[in-house]
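Presented below, as structure tokens, is a lone chain in the form predicted on its own.
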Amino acid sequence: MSDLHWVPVCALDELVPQRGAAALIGGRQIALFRLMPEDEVLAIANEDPFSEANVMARGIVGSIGDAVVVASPMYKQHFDLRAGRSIEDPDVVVETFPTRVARGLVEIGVRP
């Protein structure tokens, strides 16, 4: 991951726990999710691969087994927020992005 460029997105406190938020980074829509109680931030592409609509940030966060998931608001497929894989159709994957919190700011790792 040393070849990543870290882009500041927002303050951690601006993200509502257990809810999504969308950010535009380098022309791409990315959905961010702040998970509690660890204050972990996970990021996936905002585009739902089934409907091709940019709606993943509006999905419902939950869990299935050990996986932390978001349910797409379009057709309700669940996506593992860490791996990006659809629970219902494992051949379908959304891109995930590395995140970190530095000095209270959420940053997304992107390739230059």
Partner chain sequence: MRRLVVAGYGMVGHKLVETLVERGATSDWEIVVFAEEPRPAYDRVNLSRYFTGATEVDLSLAAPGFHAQTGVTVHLGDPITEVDAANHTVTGASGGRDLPGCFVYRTIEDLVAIRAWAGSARTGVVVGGGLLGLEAANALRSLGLATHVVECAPRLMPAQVDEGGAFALRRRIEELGVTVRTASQAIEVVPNEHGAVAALRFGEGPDLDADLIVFSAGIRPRDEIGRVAGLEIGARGGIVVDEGCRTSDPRVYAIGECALAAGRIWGLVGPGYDMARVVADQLAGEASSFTGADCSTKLKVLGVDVASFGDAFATTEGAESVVVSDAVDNVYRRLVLGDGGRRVLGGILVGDTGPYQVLAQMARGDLPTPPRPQDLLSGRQEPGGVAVGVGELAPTTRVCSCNNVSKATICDAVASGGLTELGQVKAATRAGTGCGGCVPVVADLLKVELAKAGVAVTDHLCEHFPFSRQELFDIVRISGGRSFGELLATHGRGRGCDICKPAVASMLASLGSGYILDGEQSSLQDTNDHFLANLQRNGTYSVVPRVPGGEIRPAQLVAIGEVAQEFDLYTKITGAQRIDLFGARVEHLPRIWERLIEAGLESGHAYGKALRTVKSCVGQTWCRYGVQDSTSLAIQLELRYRGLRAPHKIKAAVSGCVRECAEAQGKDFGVIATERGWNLFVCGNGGAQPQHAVLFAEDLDTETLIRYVDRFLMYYIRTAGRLERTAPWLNKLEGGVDYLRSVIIDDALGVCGDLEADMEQHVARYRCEWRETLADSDRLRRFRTFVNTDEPDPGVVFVRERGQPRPRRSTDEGDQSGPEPVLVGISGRRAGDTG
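Just so we're clear, the structure is a prediction, and the values are computed from it rather than from any experiment. Residue numbers count along the first chain shown, from 1.
Same protein, other form: the form predicted in complex with the partner chain, not shown, and the subject of what follows.
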query: In the model of the complex, Pro17 touching the partner chain (heavy atom, 4.5 Å); finding: yes
query: Non-hydrogen atom contact Ala21 with the partner chain in the model of the complex at 4.5 angstroms; finding: yes
query: Partner proximity in the model of the complex: Gly84 to the partner chain, non-hydrogen atom cutoff 4.5 Å; finding: no
query: Heavy atom of Ile25 within 4.5 Å of the partner chain in the model of the complex; finding: yes
query: Heavy atom within 4.5 Å of the partner chain in the model of the complex - qualifying residues of 52-85; finding: Glu52, Ala53, Asn54, Val55, Arg58, Ile60, Val61, Gly62, Ser63, Ile64, Gly65, Val68, Ala71, Pro73, Met74, Tyr75, Lys76, His78
